[in-house]
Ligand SMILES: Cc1ncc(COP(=O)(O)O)c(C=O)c1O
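Have a look below at one chain only, the form predicted alone, in structure tokens format.
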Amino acid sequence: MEFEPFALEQLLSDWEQTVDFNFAESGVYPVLLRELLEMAGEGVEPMLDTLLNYPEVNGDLALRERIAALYGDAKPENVLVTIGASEANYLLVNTLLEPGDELAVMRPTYMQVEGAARNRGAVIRSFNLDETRGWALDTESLTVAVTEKTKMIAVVNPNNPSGKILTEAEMNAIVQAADAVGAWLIADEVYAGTERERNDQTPSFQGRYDKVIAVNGLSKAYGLPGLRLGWVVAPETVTTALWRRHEFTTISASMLGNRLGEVALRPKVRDQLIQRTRRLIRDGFATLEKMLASHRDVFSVVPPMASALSFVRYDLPIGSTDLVHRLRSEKSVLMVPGDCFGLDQHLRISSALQEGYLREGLGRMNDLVSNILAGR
């Protein structure tokens, strides 16, 4: 079977270390190790005596207890710790789908699950979020996408790239669609905690249906992407099956990742990390809006409800991939083209960054837009 690369991540792998301004990443400005330990306060000194051995392969028990506590009646046995949410998603696809199975996937979305399923030989059907209605769920397309053959439904909530948070009614519609055909519902919830418009955290799908599997990690809402720590919360039979495949891929996350992850999820520390994230997101989007206003006739955006991202529509005589590569080569600025989500004439822009960095890089973008409008 011909392998299809992951276009978005290939773009990042190829170019993110070569530019002055990287707005293609999907999280907030990362936390310093010093900051994390200062948030924890006393009690971190014993970590210096950590033996740099393998941890428990399915995740350190103390960490799994912290994760389970975030999900109602979940137990540590329902949790598998992975190398980021990326490994979690990949394991799920390769555990629960067989060639020929149908996957119903939300669009626009982070395309990892869809791409992995396509490489697995699955049949892809999609349902939509409607930009003209503030990225509301198109329930008619959901009804068409989910059939008696659907084995899995995949959502990202809050959504990447739009920042949309599903309403309770929309979540219920997706759960009902899964329940009607007995499909697994994979909910990637890495942006829960990144809310821009409100202070209550986006509720999880976990517990709403007996075949829900929640995926999350420390990269987005916590500003800790370098720990490469994610997790799955699922029925124990599923976490065991994933664990057996985890032993073929990475064996385990790192000992330090497990220990620092437990620190990050201590209630006092977690609250501080979430507050930091929301501050960066809210301030950064305000700056992005001001910079986009320099070209009001070119740019428009549905304000994201959550995440460090904005999915910005533009009106220029150039496709999104070509525009991104002009930005990269002429202005040393990297963004993600809408083509990576199947929606041209859009740019995914990350803005939860330091103020000066954000203004200078977006200023370069505006310079290029002026050149294009002038025919240069």
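Residue indices: 1-based, along the sequence shown. Treat the numbers as computed from the prediction; the structure is a model and nothing was measured.
Unshown form predicted in complex with the ligand; subsequent notes refer to it.
Q: Tell me, which of Thr202, Ser252, Ser219, Gln206 has a heavy atom within 4.5 angstroms of the ligand in the predicted complex?
A: Result of the distance check: Ser219.
Q: Answer with one of Ile174, Val81, Ala85, Leu288: the residue that has a non-hydrogen atom within 4.5 Å of the ligand in the predicted complex.
A: The residue in contact is Ala85.
Q: Report the stretch among 145-153, 186-194, 238-246, 115-123 that approaches the ligand in the predicted complex to within 4.5 Å, counting heavy atoms only.
A: Stretch with heavy atoms near the partner: 186-194.
Q: My question is simply whether Arg278 lines the interface with the ligand in the predicted complex - judged by any non-hydrogen atom within 4.5 Å.
A: No - in the predicted complex, heavy atoms of Arg278 and the ligand never come within 4.5 Å of each other.
Q: Should Asn89 be classed as touching the ligand in the predicted complex when contacts are defined as heavy atoms within 4.5 Å?
A: Asn89: contacts the ligand in the predicted complex.
Q: Can you work out whether Asn58 and the ligand are in contact in the predicted complex, taking contact to mean some heavy atom pair no more than 4.5 Å apart?
A: Contact with the ligand, no.
Q: Please determine whether Arg259 contacts the ligand in the predicted complex, using a 4.5 Å cut-off between heavy atoms.
A: Heavy-atom contact with the ligand at 4.5 Å: absent for Arg259.
Q: Pick out the residues of 158-182 whose heavy atoms come within 4.5 Å of the ligand in the predicted complex.
A: Sequence-ordered list has one entry, Asn160.
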